[in-house]
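Here's a solo chain for you in structure tokens, the form predicted on its own.
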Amino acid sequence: MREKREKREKRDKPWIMRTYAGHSTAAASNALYRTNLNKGQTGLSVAFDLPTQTGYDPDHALALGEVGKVGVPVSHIGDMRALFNGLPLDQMNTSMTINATAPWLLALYIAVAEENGVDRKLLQGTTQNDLVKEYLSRGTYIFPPGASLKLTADMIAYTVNEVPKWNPTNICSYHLQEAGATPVQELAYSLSTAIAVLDAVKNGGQVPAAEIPKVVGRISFFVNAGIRFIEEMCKMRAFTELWDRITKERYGVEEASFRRFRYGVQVNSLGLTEPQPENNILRIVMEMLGVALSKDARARAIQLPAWNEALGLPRPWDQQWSLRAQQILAFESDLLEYEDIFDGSHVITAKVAEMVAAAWKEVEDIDARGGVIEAVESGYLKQRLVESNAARLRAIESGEQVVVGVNKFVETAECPLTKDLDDAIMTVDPAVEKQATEAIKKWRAERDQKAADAALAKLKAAVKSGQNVMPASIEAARAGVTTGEWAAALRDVVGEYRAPTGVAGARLDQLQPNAKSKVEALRARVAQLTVELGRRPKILVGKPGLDGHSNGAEQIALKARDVGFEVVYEGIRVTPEQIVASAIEEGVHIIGISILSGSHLALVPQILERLKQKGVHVPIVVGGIIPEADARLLEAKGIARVYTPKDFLLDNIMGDLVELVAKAATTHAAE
């Protein structure tokens, strides 16, 4: 008994426990945070809605259907006050998943803290602020890569002394894996991003050379942990080894504490399944073990998705279940009582060495191409990810990669957790968007407009002259400037950017025999249809709204081209008007709409109505995280097919598209 007691007394302090949360309004999210903290959560991970992430106010045309859907809208300092009302900001560790507008959200956070008498030097937390992965996978970028890198360098330079406990950038490999990156690519691309960031700070002249080790010590990472436990755990050990090498050899950091690989993790959401979703909690726990068991490479903060995220927005109980999984591992098990249990394992040592060598080769290749920014702008990295994701999907389709409940062991008893599916997910009241639109207009009408105008003019002048953007942003926050106005000011100076889609140059690898026969049959059918139509069938793949998760759209576009379709795909963030205009200009035979943000009921009917007004009659299919009840509503409005994550067989989808085009052509000919 004494031995057990002594071990428990020597337990490591548990990691920061979070759930990624925020929705509808700042006040509602504040209530959720208070509830989660009362349940034992030890840090906040704030999810912002897409208009906030991409620099639009709720009343902007592109914000339609997106307000409060995938996070909380924060349009000005009043929203930030409501979001953290009553919370002790001098004691909180707050992670904010924000990128293009990261300087602005940090400015709002600092302004609210100081209103409450909290010195900015006491603030602890992280702004994600990794723009490279936005160009490659998540799509909430705004500005060109060079300008975005300057904003990141500004934040780092500002926080080194002004907010010294804050992690100003969080190099994020999480979304790279979500976009199909292999572990080696995840290592290489994120480390190359960190190199670009540190080089920008080192060469930017805002931080003295003697302070660079301090900068390195505040760089953190946000990683993914997939289901392949050994591989993922070895990936984390490889990260620690490579980061130590980079910081010591490239930046001359001698102090070991500054070279420590500091990371938080959200375990894999890509592998969560819509069929048999109850299996997801088991996946989540195993993935958590991959970043917790190895003490020498253990995460400093863990946030877990909910079991039902492939179905829709999780409820508070779903988030609690994921939080309890962390607490059981940390407090009931003996995990934290021992040194690293993998030290000395020849299997682990060999695997780590293999991954280190492969990842370093990729890092050197990117460096030889001019660095990660050039590799983004050329489309090289995006193309590599599109190809990796295609290979992953083909492995699932062929059964080579087993996904329990999806392509093997699909027989199942009825799941009581999803018996009433409409109640198994949370929905956001459509009235939230209307209220937010009215509120932002009221805010602008009641603020000191002269002060806001002066602050915006000062902000633009700072950006034009190359000054650090943070002081002017904090002043703008205090003056009542809105998120949309802050972003618009920067857009006016540095412009906007559209990243390469990665589809044009991507190629599918050699197919397995069974898959090859299906593809050949599809190609033959498309060839026959080409004769019937007098030209190749053409598909428009569109992503309306602000949803930047483009993986599905890219794979549909790539597969459609592979079987013989002519493909029109313009990338993310297009309006319904633009989709309809492209459909008419290109003379397409079918339209595929991809939406994963939950805004399908707002945006799809707009597309349908505009097509009807223009006299365009082509079949439309929709894909995304769409509840069954919503799918029925869309089909009742005239949508030909609705595809959700359970529809993972791309050959089957292609077969549907071919027949829909053929049927439409026959109907048109008969008329």
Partner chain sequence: MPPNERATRLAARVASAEKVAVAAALNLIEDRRAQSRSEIEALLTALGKERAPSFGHRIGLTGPPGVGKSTLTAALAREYRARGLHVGVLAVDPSSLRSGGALLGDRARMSFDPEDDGLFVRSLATAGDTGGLAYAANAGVEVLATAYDRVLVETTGVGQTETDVEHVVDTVCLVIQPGSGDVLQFIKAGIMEIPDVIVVNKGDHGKLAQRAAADLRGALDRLRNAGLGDAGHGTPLPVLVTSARDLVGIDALVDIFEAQRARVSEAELLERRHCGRVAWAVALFARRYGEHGLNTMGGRVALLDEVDRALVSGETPVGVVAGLGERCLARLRSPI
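Positions refer to the first chain, counted from 1. Quick caveat: nothing in here was measured; it's all calculated off a predicted structure.
Although it is not shown, the form predicted in complex with the partner chain is what the next lines describe.
| said: At 4.5 Å by heavy atoms, is each residue in 565, 569 and 614 next to the partner chain in the model of the complex? | reply: The answer is yes: all three residues contact the partner (heavy atom, 4.5 Å cut-off).
| Exercise: residue 641 in contact with the partner chain in the model of the complex, heavy atom 4.5 Å | Looking in the model of the complex, residue contacts with the partner chain do not include residue 641, since no heavy atom lies within 4.5 Å.
| field | 4.5 Å heavy atom contact, residue 610 to the partner chain in the model of the complex | value | Output for residue 610 is yes: heavy atoms within 4.5 Å of the partner chain.
| message | Against the partner chain in the model of the complex, would residue 582 count as a contact residue? Criterion: heavy atoms within 4.5 Å. | response | Yes.
| Can residue 578 be called a contact residue for the partner chain in the model of the complex at 4.5 Å between heavy atoms? | Taking the distances in the model of the complex, the answer for residue 578 is yes, it comes within 4.5 Å of the partner chain.
| For the chain shown here without its partner, which stretch in 278 to 286, 257 to 265, 197 to 205, 531 to 539 has non-hydrogen atoms within 4.5 angstroms of the partner chain in the model of the complex? | Stretch 531 to 539 is the one.
| request: Heavy atom within 4.5 Å of the partner chain in the model of the complex: which of 353, 504, 341, 410 fits that? Just give me the one. | output: By the 4.5 Å heavy-atom cutoff, the listed residue in contact is 504.
| query | Of the options 558, 311, 156, 83, which one has a non-hydrogen atom that comes within 4.5 Å of the partner chain in the model of the complex? | reply | Exactly one listed residue reaches within 4.5 Å, namely 558.
| message | For a quick check, can you give me the residues of 355 to 378 that have a heavy atom within 4.5 Å of the partner chain in the model of the complex? | response | 374, 377 sit within 4.5 Å of the partner.
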